[in-house]
Ligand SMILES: NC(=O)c1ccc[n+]([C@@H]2O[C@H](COP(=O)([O-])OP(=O)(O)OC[C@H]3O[C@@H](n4cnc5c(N)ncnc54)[C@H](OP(=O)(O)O)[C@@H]3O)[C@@H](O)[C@H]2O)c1
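One chain follows as structure tokens, the form predicted alone.
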Amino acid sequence: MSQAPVALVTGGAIRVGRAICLALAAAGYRVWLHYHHSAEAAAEVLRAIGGAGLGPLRLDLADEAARAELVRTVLDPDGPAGGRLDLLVNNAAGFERGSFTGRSDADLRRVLELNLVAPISLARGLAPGLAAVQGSVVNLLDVAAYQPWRGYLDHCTAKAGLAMATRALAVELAPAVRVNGVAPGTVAWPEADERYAEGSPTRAAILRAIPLGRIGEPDDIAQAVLFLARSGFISGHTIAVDGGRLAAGGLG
């Protein structure tokens, strides 16, 4: 069995998840790559990381039975990583938008299931494996956990819950497992949404709200995840990687 550290990255096929997988592989991790819809992108990431890749694992994390299957696969002592797990990165999330009065209780439950319940569920299920090697969890929040965005009440509520869950899990799983979070600001413009097109008022407003005057890159988030994975005496904290946007109080 390889003694290289092992990570599981949920939603690891595209955007920030992809950058996290690449950074962890470059740092010497073997990486379980989970995805739901992006099969071609997942295959491309696995090709890029070569022998460091494990999986892919195609599962709907909003489904409790699927989450249980993921846990069994990753912790299987006869699996490719021998059941070892050093790092859980809860990156997978939905990003649903809609007017508050136009959405339903079912919409809220769906967002909470994927963005809040699933990360907590995976932390619970994978805790024995993480504890065996003094591992850690890094939850991906975003600045919506701290500042409400009109039209995203369900998303903001779920991420705010995950911010508190990060702190609570750091207490619940101590001393064997550390738990931290990363809260990205804008690190990539939304795809296929003309409101964010180059030169648009929306894009200009967001840039004005960021003291550094630019958006970040997915790799900025990946490097923060790697930092927390390596920092053996940090637990219960969330790093905002947002170019100073929260400090300035800017909603954009």
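Everything numeric here is computed off the predicted structure, so don't read it as measured data. Residues carry their position along the shown sequence, with the first being 1.
As for the form predicted together with the ligand, it is not shown, yet the points below apply to it.
Please name which of the stretches 169-177, 129-137, 74-82, 89-97 has residues with heavy atoms lying within 4.5 Å of the ligand in the model of the complex. Looking at the partner contacts, the answer comes out as 89-97.
Sort through I49, I210, L54, L59 and report the residue having a heavy atom within 4.5 Å of the ligand in the model of the complex. Looking at the other structure, the residue within range turns out to be L59.
Does the ligand get within 4.5 angstroms of any non-hydrogen atom of A27 in the model of the complex? Contact with the ligand, no.
Counting only non-hydrogen atoms and a 4.5 angstroms cut-off, does R15 reach the ligand in the model of the complex? Within the cut-off, so yes.
I'd like to know whether H36 contacts the ligand in the model of the complex, with contact meaning heavy atoms within 4.5 angstroms. H36 belongs to the contact set for the ligand.
Close approach of L141 to the ligand in the model of the complex, 4.5 Å, heavy atom: Result yes; L141 sits at the interface with the ligand in the model of the complex.
What residues, if any, in 168-190 have a non-hydrogen atom within 4.5 angstroms of the ligand in the model of the complex? Result: P184, G185, T186, V187, A188.
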